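Take a look at this single chain, the form predicted alone, given in structure tokens.
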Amino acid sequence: MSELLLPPPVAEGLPRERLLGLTTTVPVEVILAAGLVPVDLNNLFITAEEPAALAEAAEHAGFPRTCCCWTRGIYGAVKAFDVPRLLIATRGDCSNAEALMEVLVHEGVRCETFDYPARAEADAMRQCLATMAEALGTTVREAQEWRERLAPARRAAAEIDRLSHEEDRVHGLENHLWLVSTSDFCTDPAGYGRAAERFCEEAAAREPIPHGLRLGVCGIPPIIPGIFGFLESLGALVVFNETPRQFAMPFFDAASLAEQYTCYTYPYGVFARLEDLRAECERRRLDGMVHYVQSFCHRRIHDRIVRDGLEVPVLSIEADRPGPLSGQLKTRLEAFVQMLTARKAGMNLL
């Protein structure tokens, strides 16, 4: 594998009084309009020098081991990086979010909430945005202006994705990291945008990445990023990352901020996601899909619906905490790739 080109790290020396920790993708335009600096705590956790230690810190604080490791890691990141204020999505993301918020409030951390509407309706989203803007001391109009300011960075992210599935010039892990980073734009939207544009220029000059299979990864972002390089070592290139692509919001036809966040499928249940997954399987000519499920996550229950709802073969894999791929996971991935390779060869003979 050629050397990976990764997104910029979180900026150093951020003003603590303006930091706003996020537990998932929320309307970042409102946060920026309020003069705050968004920082995705998931990214702080997983890119920490010892992410497993952050999860263990939560266990020492009383979190059960049967609590999702992303939740434990978020708690550990809040404490390790001394994040003073959080915005927590208590509907449309994680079933643990409200309990996590209550623990942090109990410990003196200031927490705001954001609830996605129960259904993907623009009118309901407008009200949610107005409520959020009022709580943070800004307006939806100012947030709409930030939507326009973020457009170049979002278009650069969309170009990274296009280079992945149309030209095969972006490694699966690069695609995953650049797109997932749009949840907070690495705390510096302008810096992210410039770096993403440079990445596009460099990736466009590469030779296409050799591969025999085209795969997608769906579900929440994997806590074991080694999956991408391992699949590539087997000749299977990941050209679709469902949730990171949704974070990047390539919905340029949306007329407003409310419509943009209505197109975003992640908060609205599995059936909205399935419609998007089916379309992307066809558009990207996928040979198979890896469905990543996080141990102890309520979204794991969706696995049967995802498997039944897609026409391509699906391999479901599960992990608990960050670390190298286990021997068992490697064996299952190898078997899946072998099966898909044989299947594709048989189809080509017909």
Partner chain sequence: MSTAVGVDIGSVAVKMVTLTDGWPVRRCVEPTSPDAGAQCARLLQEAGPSVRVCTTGYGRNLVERADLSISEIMANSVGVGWLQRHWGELERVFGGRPEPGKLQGAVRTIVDVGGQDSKIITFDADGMVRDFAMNDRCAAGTGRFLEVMARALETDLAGLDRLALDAPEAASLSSTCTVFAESEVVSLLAEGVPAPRVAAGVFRSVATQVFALAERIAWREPVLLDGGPSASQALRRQLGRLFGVRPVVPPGGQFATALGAALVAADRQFSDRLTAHRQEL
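Residue numbers count along the first chain shown, from 1. These numbers come from a predicted model, not from an experiment.
Not on display, but discussed next: the form predicted together with the partner chain.
Novice: Spot the stretch among 81 to 89, 97 to 105, 239 to 247, 226 to 234 with residues whose non-hydrogen atoms come within 4.5 Å of the partner chain in the predicted bound form.
Specialist: Within 4.5 Å of the partner lies stretch 226 to 234.
Novice: I'd like to know if R307 sits close to the partner chain in the predicted bound form, meaning any non-hydrogen atom pair within 4.5 angstroms.
Specialist: Contact with the partner chain, yes.
Novice: Answer with yes or no whether R65 is in contact with the partner chain in the predicted bound form, where contact means some heavy atom within 4.5 Å.
Specialist: Result no; R65 lies far from the partner chain in the predicted bound form.
Novice: Is there any non-hydrogen atom of P208 lying within 4.5 Å of the partner chain in the predicted bound form?
Specialist: Contact check for P208: no, nothing within 4.5 Å of the partner chain in the predicted bound form.
Novice: Is there a non-hydrogen atom of R300 within 4.5 angstroms of a non-hydrogen atom of the partner chain in the predicted bound form?
Specialist: Heavy-atom contact with the partner chain at 4.5 Å: present for R300.
Novice: I have H165, D188 and G191 flagged as a candidate spot, so tell me whether each of them has a non-hydrogen atom within 4.5 Å of the partner chain in the predicted bound form.
Specialist: No: no residue has a heavy atom within 4.5 Å of the partner.
Novice: If we check the partner chain in the predicted bound form, which of the residues in 317 to 345 reach within 4.5 angstroms of it by a non-hydrogen atom?
Specialist: Contacts from 317 to 345: E318, D320, Q328, K330, T331, R332, E334, A335, F336, Q338, M339, T341, A342, R343, A345.
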